[in-house]
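Form predicted alone, single chain, as structure tokens, below.
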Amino acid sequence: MTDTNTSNGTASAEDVRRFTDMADSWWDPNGKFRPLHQINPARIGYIRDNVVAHYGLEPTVGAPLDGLTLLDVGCGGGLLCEPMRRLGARVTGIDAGEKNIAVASRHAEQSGLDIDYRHQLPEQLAKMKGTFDIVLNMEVIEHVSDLDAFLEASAGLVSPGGVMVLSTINRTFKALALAKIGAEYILRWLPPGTHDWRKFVKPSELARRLGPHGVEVTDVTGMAYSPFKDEWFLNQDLAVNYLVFAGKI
């Protein structure tokens, strides 16, 4: 685990504090991060399938991402880092919360997985390490203090011909009703104050902001919750949660 001062930069101090306060719950599937555990199968499938297609890999092998380097920005407790490592990628996870990195490192060690965890921001990592075949920004961009600076730093970490995968929440009234009011104040899936609706990003805005950094969006897919099956699935409704696959030119 590498530790670097993250007091300045693109991280939102308030959000870092909020997630750090809950860090001990990262790996409790019924705890405060239950929503992330629930959406993980859909996220993992989306990342795997699109990366395999992009690089022309064999999807049926046990570790289809073998040999690829992957960076998970805002990795939290490592909920995506560990399955990505099991899929064969060489994984680096960074987070602005020191306690999150400590939890992630401990869990990876207990699981017998070699993952390079770093207490860093993307702009700091860019000064110390090279680029990656895959850069993940999953449920992160709605929590940063400077979106354009964050995307610029993240894009700079993608290798030429590499890919960036993002997931976030659309800035719509439906998202306000479901992802903010419903999830935080009615269903209590998330602690009140987790999200600021004003920081939600429309897919068109995200594509426009990525373009100047040489990252071109090639797919946008919705993600929705089925209360009858109690699981998340991919669909074409972008009004609330959505995922983005983009390539570095």
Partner chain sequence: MAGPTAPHINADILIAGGGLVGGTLAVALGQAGFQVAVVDAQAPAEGLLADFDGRASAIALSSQRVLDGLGLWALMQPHTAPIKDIRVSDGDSLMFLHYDHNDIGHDAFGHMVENRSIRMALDKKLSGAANITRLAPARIADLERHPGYVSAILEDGRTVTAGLVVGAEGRTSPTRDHAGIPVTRWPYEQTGIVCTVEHELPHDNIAHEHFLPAGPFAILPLPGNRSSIVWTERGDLAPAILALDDDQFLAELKSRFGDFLGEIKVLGPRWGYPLSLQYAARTVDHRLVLAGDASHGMHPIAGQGLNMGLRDVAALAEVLADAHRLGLDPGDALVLEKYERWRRFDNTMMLAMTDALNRLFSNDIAPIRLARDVGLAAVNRIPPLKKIFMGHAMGLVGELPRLMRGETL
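Note that the coordinates shown come from a computational prediction; the quantities given were computed from them, not determined experimentally. Positions refer to the first chain, counted from 1.
What comes next is about the form predicted in complex with the partner chain, which does not appear here.
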Site check 54, 202 and 239: each within 4.5 Å of the partner chain in the predicted bound form by heavy atom: no
In the predicted bound form, residue 40 touching the partner chain (heavy atom, 4.5 Å): yes
Distance check, residue 87 to the partner chain in the predicted bound form, heavy atom within 4.5 Å: yes
Partner contact for residue 24 in the predicted bound form: the partner chain, 4.5 angstroms, heavy atom: no
Distance check, residue 14 to the partner chain in the predicted bound form, heavy atom within 4.5 Å: no
Residue among 29, 67, 192, 211 with a heavy atom within 4.5 Å of the partner chain in the predicted bound form: 29
Contact segment among 149-157, 165-173, 128-136, 77-85, judged by heavy atoms lying within 4.5 Å of the partner chain in the predicted bound form: 77-85
Residues from 222-246 in contact with the partner chain (non-hydrogen atom within 4.5 Å) in the predicted bound form: 229, 230, 231
